[in-house]
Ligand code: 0PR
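In structure tokens, one chain follows: the form predicted alone.
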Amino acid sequence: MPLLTLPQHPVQEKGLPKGEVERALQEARQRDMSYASGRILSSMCTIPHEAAVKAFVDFLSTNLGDPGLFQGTKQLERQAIADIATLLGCGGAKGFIVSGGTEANITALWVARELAGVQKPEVVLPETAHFSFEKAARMLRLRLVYARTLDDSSVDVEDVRRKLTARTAAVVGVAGNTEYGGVDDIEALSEIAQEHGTYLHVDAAFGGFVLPFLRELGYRVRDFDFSVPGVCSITVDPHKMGLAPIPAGCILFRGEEMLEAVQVESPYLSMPVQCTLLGTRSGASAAAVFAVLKSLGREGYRRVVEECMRNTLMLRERLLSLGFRVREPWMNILVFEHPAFDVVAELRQRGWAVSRTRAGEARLVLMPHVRREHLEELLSLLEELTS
């Protein structure tokens, strides 16, 4: 059965009537799940902020790959980068708004490989690192050396130390791993990296817009950002807890000189060199990130994070009272299971989008679109399943 009721021709001779195109789009959209339903509990993305949506549309045709033509948009990107850099402990850090965490992580390892200049380069990273590092390794001809993780899902620092060699081009730490939300001991990794003269990259794609505000709210949070001296680069995704539209990632480097390792000439454009993986880059994403940062401010982000954590902790307590085994959350990611039934299978069968950890546990991400009434509905179902 075809997805849409359009004529099955690759390219029709004449355009379709406007109404027919709109109906096809509406039909497709109706088949998508909706964040507003509260049933998407597996995603680290959410409904974007209205100011960011407007900015995205207004700047839709701008291209930061040719910034001389769009100097105003480039200035918005610079300001957004400066704001995120300040949030992450180094206002002078340099970087770019990119498509997401995957592009950011690839870029970081590209820079690390070029700076290391070793034969058969290796990268030491946690078992819980995002699969984007697999992509980076294949593209960049890097060998990944995985360090084991502890029971709390953070990396075993001593195992990292044991696995460093003369071929190590980079060490990766994660601040908010995708599976459990765990935060590696970045300070300890920094000490190891500095002892060995090794590049340290931190993947804070999710945690970058959570951990600073948890700290401001009084939670105990490990230092993970440029305040740790050995950190060379950080990935953070505004299109996750930053409430920007997709696509909007960010890669930051402690010093602009690091980017010289990957710059290429672009003589026919308005700037002589480029240092990004992509040539054409969306100015709309940069404008949207600027808009939501300025609209919410730190106070607004604190409120968002506070509500997400309130829901996370409430859900944890209720699940414990129902007999579930629940991991202690690092942030607004909750992992749990029940000894009598497969939680993920039961919830998926009833229309809830939940994911599964490698150990088989249910994994929920309590994003801003998940409201208390959605959780009460979920808890009613889980209570019924346990009775």
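Here the structure is a predicted model, which is why all the values come from computation and not from measurement. One-based numbering along the sequence shown.
Omitted here: the form predicted in complex with the named molecule. The next part is about that form.
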Go through 283 to 291, 101 to 109, 160 to 168, 303 to 311 and give me the stretch that gets within 4.5 Å of the named molecule in the model of the complex, heavy atoms only.
101 to 109
Of these, T178, S190, S154, T276, which has a heavy atom no more than 4.5 Å from the named molecule in the model of the complex?
T178
Interface check vs the named molecule in the model of the complex: of V344, L322, A51, M44, the one with a heavy atom inside 4.5 Å is M44
Indicate whether the named molecule has at least one heavy atom within 4.5 Å of a heavy atom of T73 in the model of the complex.
no
Does the named molecule get within 4.5 angstroms of any non-hydrogen atom of T198 in the model of the complex?
no
Looking at the partner-bound form in the model of the complex, is A205 within 4.5 Å of the named molecule by any heavy atom?
yes
Does the named molecule get within 4.5 angstroms of any non-hydrogen atom of D237 in the model of the complex?
yes
What residues, if any, in 120 to 136 have a non-hydrogen atom within 4.5 angstroms of the named molecule in the model of the complex?
H130, F131, S132
